[in-house]
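Have a look below at one chain only, the form predicted on its own, in structure tokens format.
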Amino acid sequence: MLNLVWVGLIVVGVAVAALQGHIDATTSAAFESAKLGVETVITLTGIMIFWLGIARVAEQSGLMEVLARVLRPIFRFVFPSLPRDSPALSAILLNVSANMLGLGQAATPFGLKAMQELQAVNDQPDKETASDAMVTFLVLNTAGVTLVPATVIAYRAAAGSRHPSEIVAATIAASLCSTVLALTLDAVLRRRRAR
């Protein structure tokens, strides 16, 4: 359905340009946009390869494990229903650590592993219903704190920003606020539902 919308927009745009005698400008803009798209993809691919390599080094060197150990006491409070030695907690910590470093692509496998482990300890009568821990993990993953917004910095660099990393402080503040609010609402709504 969405493809039809895009085709419709393109056809109408070309038809209007032809009727107004601007078909040469439309063709020129199409080629310029295609060139810009290819340049952006190549730039972003290089930057993403760099950051994924950094993520791999951080994982192999144990940096993510150290960050996960530092965060463990906080996560025991956020996920009280999980057993202390649950493999789900380790996967959650690795996912959140990768997200904090702005490495969303590297965090995805950890997030999938965390959901599998959370499903294994799902205490709901209907296993198709998400447990409280699963909902909290989703909330945390969606609104998570980002210390180094690597992907956004990469987009800004690709767009030609003179100072692509100047958004770090604002990103930390905004993501911290969203995380605190999301986890607070999650806890409040969980308590209200339990009554």
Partner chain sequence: MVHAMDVVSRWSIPMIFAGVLLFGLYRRVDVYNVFLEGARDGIELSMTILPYVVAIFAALGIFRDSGAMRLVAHALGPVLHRVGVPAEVLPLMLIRPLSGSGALAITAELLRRHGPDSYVGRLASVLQGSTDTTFYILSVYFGSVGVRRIRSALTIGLLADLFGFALAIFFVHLLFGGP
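Here the rigid core means the biggest group of C-alpha atoms that line up within 1.5 Å when the two forms are laid on top of each other. Positions refer to the first chain, counted from 1. This structure is a prediction, so every number in the text was calculated from the model and none was measured.
One more form of this protein should be noted, the form predicted together with the partner chain, which is absent from this view; the next part is about it.
Among heavy atoms of Ala107, some come within 4.5 Å of the partner chain in the predicted complex. Taking non-hydrogen atoms only, Gly111 approaches the partner chain to within 4.5 angstroms in the predicted complex. Contact between Met115 and the partner chain in the predicted complex is found at the 4.5 Å heavy atom cutoff. Contact between Ser81 and the partner chain in the predicted complex is not found at the 4.5 Å heavy atom cutoff. Put the two forms on the same core and the Cα of Lys35 is off by 2 Å or more between the shown form and the other one. Once you line up the core between the shown form and the other one, the Cα of Thr184 stays within less than 2 Å of where it was. Comparing the forms between the shown form and the other one on their rigid core, the Cα displacement of Ala170 stays under 2 Å.
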